[in-house]
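Single chain ahead, written as C-alpha cells, the form predicted on its own.
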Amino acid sequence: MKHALFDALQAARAGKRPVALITELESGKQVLLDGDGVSGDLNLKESELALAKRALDGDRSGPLEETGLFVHVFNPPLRLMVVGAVHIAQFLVPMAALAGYEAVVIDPRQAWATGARFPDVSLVTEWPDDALRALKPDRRTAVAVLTHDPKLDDPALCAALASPVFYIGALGSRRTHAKRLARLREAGVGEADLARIHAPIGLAVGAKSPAEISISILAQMTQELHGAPPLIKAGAAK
C-alpha cells in the first residue's frame, strides 16, 4: 500500500468514518472509498463502485463478484444511545456490548444515571436532545428511548429523527405511542419521519421482564441493521 493511501486510511479510521480499501487482485492497484470520494491509482467502473458501496453499507469484506476486486471494509464500531437510565437499560446496555455496540446512557436525572447502576458505562447527564446533537449519531447508530416521560422522550426523538441513525425505538404502549405521535405532529414532524419510530419498542415476542424486553429490542436493532424482512410465524401462509 502506498504511503498516501495508508495515511488516508488511518485518518479515516481515527475520525471513525466508514471506509473501504479496494484492491485489484491482478495488478495490486488500490483505491480508498471514503464517503462518496475515492482516492488511489485504480479506476473503478460505476458498477464496481456501487458493489463496493453496498459491501461497505453491509459491513462485508471479501471479493466483489465477477470483478477481480477485493474489498476490505473498515467500519467504526456500532453505537447505541439509550435515553433513560431505567431498569431496562441496565439489561440492554451489557447485551448490546456483547453484540459489539459502544453504548452510552443519556439521562439528566442524575439520581438515575449513576456509576453504581451502570458500571463502566459512558453516562451523559445533559438534556437528551442536546446530548444527541453533541454525540452526532450516524448511520451506524441505534437510539432507544426508554424514559416513558414526554419531557425527555419527545426532544430525544426529534433529535434522533434529524439524524441518519439506522434504528429508533421508543418504549410505551400503542395508546401511549398514539399520543406521542400526535404531539410530534404538532411539533412539525412529518409522517415519513414518524414511520421511522419503532413503537412499542422491540420485536413482538411476548416479552415481559426487563431482560426479555431488552432481548426483543436488540433483536429488532439487528433486524434493522441487516435489513432483514419481518419475521413470519412457522406454518404461516406464504
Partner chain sequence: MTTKPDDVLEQAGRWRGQGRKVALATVVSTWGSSPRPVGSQLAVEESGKMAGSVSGGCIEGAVVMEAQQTMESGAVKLLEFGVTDEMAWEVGLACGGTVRVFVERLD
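Rigid core: the largest C-alpha set superposing within 1.5 Å between the two forms. Numbering follows the first chain given and starts at 1. Everything numeric in this text was worked out from a predicted model, so none of it was measured.
From this point on, the text means the form predicted in complex with the partner chain, which you will not see here.
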Segment that reaches the partner chain in the predicted complex - one of 123 to 131, 70 to 78, 136 to 144, 158 to 166, heavy atoms within 4.5 Å: 70 to 78
Answer option from Ser209, Asn43, Ser47, Ser27, heavy atom within 4.5 Å of the partner chain in the predicted complex: Ser27
Touches the partner chain in the predicted complex: Gly115 (any heavy atom, 4.5 Å): no
Ala20: touches the partner chain in the predicted complex, heavy atom cutoff 4.5 angstroms: no
Heavy atom of Ser61 within 4.5 Å of the partner chain in the predicted complex: yes
Pro94, heavy atom within 4.5 angstroms of the partner chain in the predicted complex: yes
The partner chain in the predicted complex reached by all of Arg109, Thr176 and Ala178, non-hydrogen atom within 4.5 Å: no
Interface residues of 1 to 37 toward the partner chain, as seen in the predicted complex [heavy atoms, 4.5 Å]: Met1, Lys2, His3, Phe6, Asp7, Leu9, Gln10, Arg13, Thr23, Leu25, Glu26, Ser27, Gly28, Gln30
Core superposition between the shown form and the other one, C-alpha change of Arg183 at least 2 Å: no
Exceeds or equals 2 Å, Cα of Thr23 between the shown form and the other one, core fit: yes
Change in CA distance between Ala14 and Pro119 in the predicted complex, which is 3 Å or more, as closer or farther: closer
Distance trend in the predicted complex - C-alpha atoms of Asp120 and Arg13, change of 3 Å or more: closer
